[in-house]
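Heads up, the chain below is alone and in the form predicted alone; it's given as structure tokens.
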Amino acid sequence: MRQSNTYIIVFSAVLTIILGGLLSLAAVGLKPMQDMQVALDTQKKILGAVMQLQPTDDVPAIYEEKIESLVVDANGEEVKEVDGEPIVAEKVSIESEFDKDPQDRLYPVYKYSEGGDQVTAYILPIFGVGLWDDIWGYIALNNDFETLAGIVLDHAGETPGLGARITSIEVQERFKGKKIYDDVGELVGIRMVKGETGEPSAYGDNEVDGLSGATITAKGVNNMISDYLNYYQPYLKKLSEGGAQASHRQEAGI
């Protein structure tokens, strides 16, 4: 039976409204679950900079036990609220902050403790640009503020088998134990060299093996690490000076 044009238009409109409503309800209903998965993924990456998580690990419980977070500004001062609203480090988008002038950005800091009150590593988010798109990660410094405890790297669209290898454990393991200062105490970061030899012993304290066929992505990683270590330098310097003063007081028995 042939339907009139009016019937077809009304039927299509009603069907669109019903399906649109169902999709909206699904989106609203699933939003808490989506937010929970995003938070869980963030916790995994932060912890992944300093420890190897197992599939059966209770990540939220480990995170709650071992991580203390805060936010600092470009001067290394802690920021507890903005416009009267409290700041939560885990909710600061390093990607959104990247669009601001470095002096105006917020910088999350994650303190990792293996046990007790002593902080054993400081985990810092980093963000930059690779060959095709954004790259980001978390870099962990031991509490000597110069030795890398580990790094986690990720990307939005680097080439599979080439630049995308920055997400591999084998590549990220190369950074462990490397130093961010040179022999004269200048902050130089850690540089992936051009080419790839597969010989870790061939490189100095501030270098790691490169990515063959992915020089631009490697440069992006180098720049990202160097830039963010400089952004966090005022905060790290305060921590280092505070630790030195505490050590002197302890030696003096004060």
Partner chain sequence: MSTEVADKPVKQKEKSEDLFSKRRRKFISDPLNDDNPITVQVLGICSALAVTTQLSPTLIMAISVVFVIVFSNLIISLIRNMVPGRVRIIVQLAVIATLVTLVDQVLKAYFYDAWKVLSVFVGLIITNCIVMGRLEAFAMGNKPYDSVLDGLGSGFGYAWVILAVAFFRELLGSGAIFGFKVFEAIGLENFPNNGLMVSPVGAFMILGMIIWIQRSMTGYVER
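Residue numbers count along the first chain shown, from 1. Under this definition, the rigid core comprises the largest set of C-alpha atoms superposing within 1.5 Å between the forms. Every value quoted in this text rests on a predicted model; they were computed, and no experiment measured them.
Another form exists, predicted together with its partner chain; not displayed. Remarks below refer to it.
Distance check, D41 to its partner chain in the predicted complex, heavy atom within 4.5 Å: Contact check for D41: yes, within 4.5 Å of its partner chain in the predicted complex.
4.5 angstroms heavy atom contact with its partner chain in the predicted complex for G115: G115: no, not in contact with its partner chain in the predicted complex.
I17: touches its partner chain in the predicted complex, heavy atom cutoff 4.5 angstroms: Answer no; every heavy atom of I17 is more than 4.5 Å from its partner chain in the predicted complex.
Contact flag, L23 vs its partner chain in the predicted complex, heavy atom cut 4.5 Å: Yes, L23 is a contact residue.
Option from 88 to 96, 171 to 179, 154 to 162, 115 to 123 whose residues, in the predicted complex, bring a heavy atom within 4.5 Å of its partner chain: One stretch meets the cut-off, namely 154 to 162.
Residues within stretch 23 to 53 having a non-hydrogen atom within 4.5 Å of its partner chain in the predicted complex: L23, A26, A27, L30, M33, Q34, Q37, V38, D41, K44, K45 sit within 4.5 Å of the partner.
Rigid core superposition, M36 Cα moves 2 angstroms or more between this form and the one not shown: For M36, whose C-alpha is compared between this form and the one not shown after core superposition, the shift is less than 2 Å.
Yes/no, S24 Cα shift of 2 Å or more between this form and the one not shown with rigid core fixed: Comparing forms between this form and the one not shown, the S24 CA shifts at least 2 Å.
Core fit, then N230 C-alpha moves 2 Å or more between this form and the one not shown: No, the C-alpha position differs by under 2 Å between this form and the one not shown.
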